[in-house]
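Take a look at this one chain, the form predicted on its own, written out in structure tokens.
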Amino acid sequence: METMENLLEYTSVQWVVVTAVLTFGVAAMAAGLVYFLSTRDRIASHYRLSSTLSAVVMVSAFLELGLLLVNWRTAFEFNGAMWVSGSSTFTNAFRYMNWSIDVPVLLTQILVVFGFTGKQFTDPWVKFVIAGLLMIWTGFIGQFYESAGIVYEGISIAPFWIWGIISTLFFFYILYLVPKVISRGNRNLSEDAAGMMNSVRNLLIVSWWLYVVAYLMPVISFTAWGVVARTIIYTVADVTSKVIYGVMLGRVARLRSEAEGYIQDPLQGQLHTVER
């Protein structure tokens, strides 16, 4: 089943805006990768995995958005007036495969920054991974039916809603679990670090809701401008939930490191424990 992008025609402005937005996403992930690798040594070793995982997310998202950009540029041809579908098909499947990596990693970062170990780590981690993957994969199935019933007469859109609702149930479960985990972890943080973790929680909730809006775009606006809007929403969600999210978690790790007596040697660029 074709997604809405392949069933519409685009003006030069619309095509260029989508191209530019995807290019911005690629550049943001590249910049994020450089940032996380260059600031990794500012964090104590037992929290440093969070920055490493952020770098993994940047590589994964960079490749995904790069493939989407190439896919968008090759899937349409200019007929002299409009950009129309060409010999290849545009697909959002790259996004879902990328999320299969990024969602478990992003949620794992919360546990790393809190310094959870043993059962305190494994119990929420298993729930995060299972719920996250089921949320993504059921949504992936549903997106194949996004044009059904809207474009093709006699074909019901029911599968789009059924799989979307199933995916949303797992989404709600994660949104229930994340604040619970953060509330428990905040008990051992300073006021500044706990406040930043609450901001991380709020950012995650808001940015993840953007993905829901983007998923529903075929229902909201099955138009070329709807495709433009969906690309912008997806990209804003990607940058906020991956780059900004990672920066904020890095700040929490830095605050925890400093509270435990770690400082960075300006000459050697390494962290040392300060005797108190």
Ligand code: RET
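Bear in mind that the values here come from a model prediction, so they are computed numbers and not experimental data. Note that residue numbering follows the sequence shown and begins at 1.
Keep in mind the form predicted together with the named molecule is missing from the figure; the text below concerns it.
In the predicted complex, every residue of the candidate spot (Asp102, Ser167 and Lys242) has a heavy atom lying within 4.5 Å of the named molecule.
In the predicted complex, the named molecule sits within 4.5 Å of a heavy atom of Phe171. Contact annotation for Ala31: none of its heavy atoms lies within 4.5 Å of the named molecule in the predicted complex. Mapping the unseen interface onto this chain, Trp208 counts among the residues with a heavy atom inside 4.5 Å of the named molecule in the predicted complex. When the named molecule is considered in the predicted complex, Gly185 lies well away from it, no heavy atom lying within 4.5 Å. The stretch in contact with the named molecule in the predicted complex, judged by heavy atoms within 4.5 Å, is 103-111, chosen from 194-202, 117-125, 82-90, 103-111. Contact with the named molecule in the predicted complex, defined as a heavy atom within 4.5 Å, holds for exactly one of Val212, Ile220, Val247, Leu37, namely Val212. Using a 4.5 Å cut-off on any heavy atom, the residues of 72-98 that reach the named molecule in the predicted complex are, in sequence order, Tyr96, Asn98.
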